[in-house]
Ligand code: CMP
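One chain comes next, on its own, written out as structure tokens in the form predicted alone.
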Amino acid sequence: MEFWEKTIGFFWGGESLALLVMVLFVWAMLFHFRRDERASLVNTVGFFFVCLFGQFIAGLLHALDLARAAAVTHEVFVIGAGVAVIRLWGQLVFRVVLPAVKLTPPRITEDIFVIIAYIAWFMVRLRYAGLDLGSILATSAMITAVVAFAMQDTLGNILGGLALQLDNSVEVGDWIKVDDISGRVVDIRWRSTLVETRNWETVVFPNSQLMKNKFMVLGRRTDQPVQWRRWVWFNVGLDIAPTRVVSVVEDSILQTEIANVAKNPAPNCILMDMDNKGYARYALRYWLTDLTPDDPTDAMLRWHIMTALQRAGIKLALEEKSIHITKENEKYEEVVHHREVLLRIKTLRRVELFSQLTEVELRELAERLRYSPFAKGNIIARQGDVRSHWLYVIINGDAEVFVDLSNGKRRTVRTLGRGDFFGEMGLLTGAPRSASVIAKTDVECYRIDKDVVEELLHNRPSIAEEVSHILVTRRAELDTALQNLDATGAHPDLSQQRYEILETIKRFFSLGN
């Protein structure tokens, strides 16, 4: 009985229970909040209990009157238990408490404080054991000098990592470019900095390399949000005025919501060069808000540029080559053109406005249609616009008709698909657009301009009276959708409206009575 009393008395002090409860509490907190680090926590707590068992062994040695062995064993395992406790508290403070108050210091900061605590604990225990710290420090200084000389590169990397953290040159989450490698910083360690590229590669940069050589931090500017300027290049022939190219491209981009493209600063198009090969080189400059999808965003902008230029009848410039055209090529082009015209005639027959046209009139109209593609998100028509005197016929894709209400809200009127048309009031009467139309998908349209219809009406004025009936019906449908009213109740006098629209058409196209 006396043997076990001596063992327990040496092993279990008055503070042991409080220490055990504290360790279990800290471990429980970390185990709950840091699910991804449970294996490491189990190892740390396991090490703590091993140290407790070691102290129990020291108690057995003490009970056997092996005082020196008991003291050394006890001190070793006390130091080990203290290391485990310091590690647990370091994880609790830096990985639970500080993130809870919106502070996320890098892992290297935690390591520094924990190591300092380890050294302090070790020195306290040595002092408690009765060792002279002065002689130990003197010996340590000599050993440190030798080790420092032998580990110059490693120490350079460690000091470089500390310097990067202290002066905030680079932070976790920053995008950096070193030589021809760019990627996002995911961790700053003692010896190296880890950078993940867009190609799913992890590049390990020695910290000394980052300190000795220049590198770029992408998208970072003082007191500004993270955004990075990008350039999208394209070529247009010198026969097109630069002001027109710039206007067409900027109008299209600025009116469209494109993911990851900053509104401020706004994208802008500029003339960069004039080549002796016969074309001008332009660039659309924009600011990327998410640096990960750089190429996909460039591709989306190229598509918007291409469709905007096509709608305006502007061709992208290609390198000129001498090509010999044979008669077979000419015949093939004639067949393709004839097939395209037949397709256009078939499309026009589905448009109610042109149901009264003869075969000859339909063919003339089909020859003069303009192909107009729109990228997803483009505003095809804008409510209140008084300059758009043309009509669109959708041949592929879907578009949405909506109106902006006086209370600032938007109401969707209907969805348009293949074969639908819109813009007839602006084309035939010059009236402002009563609603806006936006491309829900990539949309392909045929566009009919005022001059084409004007020539048609002058050749056969009776068409004006025929289309006026259709316009009244279309307007009644739109008003019903907007006001949620019965069409008959909302428009009791359709004949009067037909007369007014017919007179408006005649005035707009200068048709005689």
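One rule holds for the numbers: they count along the sequence shown, beginning at 1. All of these numbers come straight from a predicted model, not from anything done at the bench. If you superpose the two forms and keep the largest set of C-alpha atoms that fall within 1.5 Å, you have the rigid core.
The protein also exists as the form predicted in complex with adenosine-3',5'-cyclic-monophosphate (CMP); that form is not presented, and the subsequent description refers to it.
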For the interface check, one of 339-347, 77-85, 248-256, 433-441 should have non-hydrogen atoms within 4.5 Å of adenosine-3',5'-cyclic-monophosphate (CMP) in the predicted bound form; which one?
433-441
Does adenosine-3',5'-cyclic-monophosphate (CMP) get within 4.5 angstroms of any non-hydrogen atom of Arg285 in the predicted bound form?
no
Contact flag, Gly423 vs adenosine-3',5'-cyclic-monophosphate (CMP) in the predicted bound form, heavy atom cut 4.5 Å
yes
Give a yes or no for Asp449: in the predicted bound form, does one of its heavy atoms lie within 4.5 Å of a heavy atom belonging to adenosine-3',5'-cyclic-monophosphate (CMP)?
no
Indicate whether Val172 is a 4.5 Å heavy atom neighbour of adenosine-3',5'-cyclic-monophosphate (CMP) in the predicted bound form.
no
Can you work out whether adenosine-3',5'-cyclic-monophosphate (CMP) is within 4.5 angstroms of a heavy atom in all three of Val413, Arg474 and Glu477 in the predicted bound form?
yes
Can you work out which of Val401, Cys269, Val236, Leu301 has a heavy atom no more than 4.5 Å from adenosine-3',5'-cyclic-monophosphate (CMP) in the predicted bound form?
Val401
Leu353: with the rigid core matched between the shown form and the other one, does its Cα shift 2 Å or more?
yes
When the rigid core is used for the superposition, does Ile448 move between the shown form and the other one (threshold: C-alpha shift of 2 Å or more)?
no
